[in-house]
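First comes one chain, alone, set out as structure tokens in the form predicted alone.
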């Protein structure tokens, strides 16, 4: 006789949520996986409401209709912008929408593990709890790199570097739940690259007209470090006419701007770890997050760290879902005493 699935029996659905500055994803035990860009928009007036046809829009749809909306990107450096009611409301809406996308049954209990940047765990924990409490029955908030590490079974002698939009998060795993000392967050990340690229392009092409959203798209399509993969040319309007612009050097300079801080933080974290295990950590460094997709970044870091001895850097296979998949795995394995009942 086939054994009953205990999760189905107690009518529970487990979800892992990666709440990111730029993108947020959800992985659920009912085999659904969804992601959205972390934008929420409300129609500005009754005309806007007629145009967009919805009281609230999310992700790519919100960006596409942004001129009709009060657009909100509620996470800054991975933290809910404090004291801004709209930001707290937007995070709530994102979590509600992600859970809807996961399609739980109406009577199912939802147990959620939510991943946030390492250093902001304390600051964010209460705000996340407040945002999630209406939609889930039990909650655990963990750091994003820990969720990635758990999902990949990197539970011992490994270092996960999660390069997101708002922050780059570091987490050393050594066979136990990581402490504050094992984790660090820096602001050298995707948004910083966007700012640098915007600045370099403004300086080089003062007559061209572009915005931050266009710059982010240029980065996401063409990002690289070190060797030039060929000329990067993009279309930017000048006096209303589309003109092709060479942005090769600007892309490389902007992408390389975050690397010194990442290398420095990596070496600092390894240097203060137990010396007997440092070699093992150096040979098990994993890059995650959207930044791991920058062409040449793995090789750059591996070469930069070689002066400290042998080292091996790899990248996660699926940067978009590595965090939410790990959070889901953690939710499914979690002993009852670790859950916070809401």
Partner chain sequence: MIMLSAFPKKKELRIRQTILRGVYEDNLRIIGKGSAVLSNRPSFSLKKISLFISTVLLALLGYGNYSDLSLSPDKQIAPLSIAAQQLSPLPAETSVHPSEYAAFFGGQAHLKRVFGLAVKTIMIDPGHGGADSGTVGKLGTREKDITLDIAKRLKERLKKQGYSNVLLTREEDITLPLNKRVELANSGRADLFISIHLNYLPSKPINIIETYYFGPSSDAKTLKLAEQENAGSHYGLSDFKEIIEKIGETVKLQESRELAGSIQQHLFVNSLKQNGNVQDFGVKRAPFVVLLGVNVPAVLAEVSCLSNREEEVELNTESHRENIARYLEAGILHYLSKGEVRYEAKRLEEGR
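Numbering follows the first chain given and starts at 1. Keep in mind the model is a prediction, meaning the values are calculated, not measured. Throughout, rigid core stands for the largest set of C-alpha atoms superposing within 1.5 Å between the two forms.
Note that the form predicted in complex with the partner chain isn't included here; everything after this is about it.
In summary, the region of this chain contacting the partner chain in the model of the complex, judged by heavy atoms within 4.5 Å and restricted to 199 to 207, 248 to 256, 220 to 228, 173 to 181, corresponds to 173 to 181. The partner is absent here, but in the model of the complex a heavy atom of 45, alone among 45, 70, 274, 299, sits within 4.5 Å of the partner chain. Contact with the partner chain in the model of the complex, judged by any heavy atom within 4.5 Å, is made by just one of 263, 187, 155, 238: 155. Although the partner is absent from this view, residue 165 stays clear of the partner chain in the model of the complex, with no non-hydrogen atom inside 4.5 angstroms. Under a 4.5 angstroms non-hydrogen atom cutoff, the partner chain in the model of the complex has residue 142 among its neighbouring residues. Though the partner is left out of this view, residue 314 does reach within 4.5 Å of the partner chain in the model of the complex, counting heavy atoms only. In the model of the complex, none of the heavy atoms of residue 309 sits within 4.5 Å of a heavy atom of the partner chain. Annotation: in the model of the complex, residues 50, 135 and 334 each come within 4.5 Å of the partner chain through at least one heavy atom. Superposition of the core reveals a Cα shift of less than 2 Å for residue 301 between the shown form and the other one. When two forms of a protein are overlaid on their rigid core, residues whose CA moves 2 Å or more are considered shifted, and residue 64 is one of them between the shown form and the other one. The Cα position of residue 54 differs by 2 Å or more between the shown form and the other one after fitting on the rigid core.
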